[in-house]
Ligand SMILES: Cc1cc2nc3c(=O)[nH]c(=O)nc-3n(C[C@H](O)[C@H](O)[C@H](O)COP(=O)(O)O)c2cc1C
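The form predicted alone is given below as one chain in structure tokens.
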Amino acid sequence: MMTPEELLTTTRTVRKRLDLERPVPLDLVKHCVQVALQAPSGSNTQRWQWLVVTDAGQRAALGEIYRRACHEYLDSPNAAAKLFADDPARARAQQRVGDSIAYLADRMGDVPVLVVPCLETASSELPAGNQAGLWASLLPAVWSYVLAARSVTLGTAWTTLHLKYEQEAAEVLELPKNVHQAALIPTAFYTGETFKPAARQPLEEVLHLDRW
């Protein structure tokens, strides 16, 4: 059993270490979603919906959309591997991230389970204003899903690149017009041992007391 601190500091984005061969029991994924439903929701609206995709054809279709969007991203100047080029130490870390993104780009459709958390609204158009408040009614639950998955030895990666072709993905999933995707979460058992905390900026560089 992990302590809360260990869970929070070792939940990593898993791309290269997702086990593409080992099936994931659906009950295990349902357990993680059930845990996620305890997250806060603005005005207790609970407008979240969760698509759990296990069908090989559906996964392949979503994987192709993600592959196309991801390779376009990798070719862009904003790709992870091209950031912080003036900082040798950080540039090496970014290169590793870029390599793992490229690895998953071609394998997303092979991941045993793809989870698509969605937000259901009153109409097909997202309401104007306070988008932070709107999505805050879903995104904490998505992170709770990721944490719950980690606690039962599943690896995940929070991805959104497929949203460049959101309508195509919506058609694959047969989503109603008033249901909006937030992410695409590949879910699988991971290979290797465990994970450790990642390098982060010193607290003193990001913490402000009372004012900037």
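Numbering starts at 1 and runs along the sequence shown. These figures come from a predicted structure and were not determined experimentally.
There is also a form predicted in complex with the named molecule; it is not shown, and the following applies to it.
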Open item on the list: Counting any heavy atom within 4.5 Å as contact, can you tell me which stretch out of 27 to 35, 155 to 163, 41 to 49, 55 to 63 lines the named molecule in the predicted complex?
Closed with: 155 to 163
Open item on the list: To verify the annotation, which of these, Ile101, Ala141, Val113, Val116, has a non-hydrogen atom within 4.5 Å of the named molecule in the predicted complex?
Closed with: Ile101
Open item on the list: Residue-level question: is Val97 within 4.5 Å of the named molecule in the predicted complex, judged on heavy atoms?
Closed with: yes
- [ ] Classify Arg200 as contacting or not contacting the named molecule in the predicted complex by the rule of any non-hydrogen atom within 4.5 angstroms, answering yes or no.
- [x] yes
Open item on the list: I'd like to know if Arg17 sits close to the named molecule in the predicted complex, meaning any non-hydrogen atom pair within 4.5 angstroms.
Closed with: no
TODO: Using the arrangement in the predicted complex, list in sequence order the residues of 1 to 31 with any heavy atom within 4.5 angstroms of the named molecule.
DONE: Arg12, Thr13, Arg15
